[in-house]
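One chain is shown next in structure tokens, namely the form predicted on its own.
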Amino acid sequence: MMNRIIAIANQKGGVGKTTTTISLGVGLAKSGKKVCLIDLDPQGNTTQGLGYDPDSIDITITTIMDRMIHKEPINSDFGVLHNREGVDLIPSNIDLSEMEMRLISIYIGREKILGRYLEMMKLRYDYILIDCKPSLDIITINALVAADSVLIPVQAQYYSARGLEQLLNTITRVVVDGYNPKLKVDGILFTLANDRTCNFRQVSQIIRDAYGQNIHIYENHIPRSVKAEEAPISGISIYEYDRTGAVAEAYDRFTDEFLQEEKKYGKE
């Protein structure tokens, strides 16, 4: 098994990054994989979505990155939360907003702080999934530099399609500039979809036509659902909140497709 770090990224907010991170993570854990989720958003949505109060947690990804900056000793269990749904979590909270300013002040190696930590963690897990913040700042660049690949949730709307090009350009710069020459795109996942509308069909076809020859576009898509929006409030995944619902079933199918692609390209 190849131990993999995957950044789940899109600089546009509200496209289902956190739901995808949690659902894919729990889905992989259900498939017998050892999984760690990294909450890399100061809003702490992944942390909340797994039932934790971000403001009450003392050790977060910010604490860890700060120790890496100052070269303080740290072990692989430091700050890891073991969630009852079978995944581990490195949580986040608003303190991460301050980390961006600290990283900007570092002249050399600021884009590699997270990667140094995850190299230490990587062998413990089959998959480390990073829930990136909705921007392309130095925090997200750290995720792209640390990752083996990127999974891109996209809502099939016009503005989402336009924003996709900016993200792909950033990924290309990370590769071309030598920060992470091996970084790949695993694929594009359509989320919050209503496949009965002309808009979904038109925009998804535009994205397939524009990028489908070079980037895998997952056949399965995730429908919009009130249940999926309610699940994070309850602090549980969609699998526990609405196990037989359309979103849980869609993430089940997507997880199976994801694992098939892993085998297809020799990643598993």
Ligand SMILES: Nc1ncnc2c1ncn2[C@@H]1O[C@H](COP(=O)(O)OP(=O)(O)O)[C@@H](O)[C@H]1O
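Just count from 1 along the sequence shown to find any residue number. Since this is a predicted model, take the numbers as computed values, not measurements.
A second form of this protein, the form predicted together with the ligand, is not displayed here; the remarks below concern that form.
Enquirer: Heavy atoms, 4.5 Å, the ligand in the predicted complex: which of 30 to 38, 61 to 69, 216 to 224, 200 to 208 makes the cut? Say which one.
Expert: It is the stretch 216 to 224.
Enquirer: So in the predicted complex, does L24 come within 4.5 Å of the ligand, heavy atom to heavy atom?
Expert: It does not: once the ligand is placed as it appears in the predicted complex, L24 has no heavy atom within 4.5 Å of it.
Enquirer: With the cut-off set at 4.5 Å between non-hydrogen atoms, does P232 touch the ligand in the predicted complex?
Expert: Flag for P232 set to yes.
Enquirer: How about L50: is it within 4.5 Å of the ligand in the predicted complex, going by heavy atoms?
Expert: So L50 does not count as contacting the ligand.
Enquirer: Heavy atoms within 4.5 Å of the ligand in the predicted complex: does M99 have any?
Expert: No, M99 sits far enough from the ligand in the predicted complex that none of its heavy atoms falls within 4.5 Å.
Enquirer: Across 174 to 188, which residues bring a heavy atom to within 4.5 Å of the ligand in the predicted complex?
Expert: Heavy-atom contacts within 4.5 Å come from no residue here.
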